[in-house]
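Below you'll find only one chain, the form predicted on its own, shown as structure tokens.
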């Protein structure tokens, strides 16, 4: 038997924080490729510490639904799962965006755990960002005449937080899909407040690289960009700001194609997922096209 555990942060204050985790788990559960699929959280139940005890499977694949490598993925989650012999070097990621997977034992529950790198640094996240742009514009071919802003929190406490944003922005820029692609941040330069200063394209899609919608994506960023003076009054998509049309998408982690990223992480760690990745991707492509 093989099990999948998707671990997210969760929140006591924002009930929507865990919604993407449950949604992507449901999508993967419906494929039937895992005998068990569980969700676990730091700030909600079921907790990281207890989730392995709820499983019958001896082989467990754990995928963190986090954007970057850092404190939670490198310290908190392995500690709470009681992974014996864990060291961040097991991931062989020297650049902050290349974490792969490590196989360790959780001997207190007699399970082999394949601990995967965060979903947010996987290469296929670049595809999810593009899909988010397609979804918000309603155009599966969006790109020509458009700029793309990938927005992160940015923090001096964790330099890897910005690395994931730059990594995916560069991959999308190199693809040539959009006229321009820029990495912007809330708490460091270049700041999303000045989004229109960084683009010459008349249309700009803004995609926040956050897992869930919450205070930052629903309140701070729209107000900072000038979409509205008060988030409670709402705003149009697109909204014209300083001569540009801003297409604001909300958190990338709510995009249904995220389930594909989770499956790819597990498959690369050795999970038998059959054709589930292709089925999920084809199904979500159909949704986007519709």
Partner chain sequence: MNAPQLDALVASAPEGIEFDGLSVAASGEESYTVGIDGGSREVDEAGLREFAEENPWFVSNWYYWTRVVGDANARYDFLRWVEGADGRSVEERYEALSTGTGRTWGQLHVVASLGGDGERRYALRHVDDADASDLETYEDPLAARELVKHDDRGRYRPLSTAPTLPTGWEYPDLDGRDLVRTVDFIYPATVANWHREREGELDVSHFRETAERQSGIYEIVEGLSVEELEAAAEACCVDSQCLRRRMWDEDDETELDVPRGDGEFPCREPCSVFITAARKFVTLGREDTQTYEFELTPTEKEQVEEIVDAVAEGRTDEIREADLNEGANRYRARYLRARRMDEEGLSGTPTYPEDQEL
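Source: prediction; values computed, not measured. Residue numbers count along the first chain shown, from 1.
A second form of this protein, the form predicted in complex with its partner chain, is not displayed here; the remarks below concern that form.
Considering its partner chain in the predicted complex, the lone stretch of 132-140, 177-185, 199-207, 78-86 in range is 78-86 [heavy atom distance within 4.5 Å]. Contact annotation: of the candidates 108, 159, 92, 123, the single residue with a non-hydrogen atom within 4.5 angstroms of its partner chain in the predicted complex is 108. The partner is absent here, but in the predicted complex a heavy atom of 54, alone among 31, 57, 239, 54, sits within 4.5 Å of its partner chain. Taking the partner from elsewhere, residue 215 is found to have every heavy atom lying beyond 4.5 Å of its partner chain in the predicted complex. In the predicted complex, its partner chain sits beyond 4.5 Å of every heavy atom of residue 264. Residue contact check for residue 46: one or more of its heavy atoms lie within 4.5 Å of its partner chain in the predicted complex. Proximity of residue 38 to its partner chain in the predicted complex: non-hydrogen atoms within 4.5 Å are present.
For the marked spot (11, 15 and 22), a heavy atom within 4.5 Å of its partner chain in the predicted complex is present in each of the three residues.
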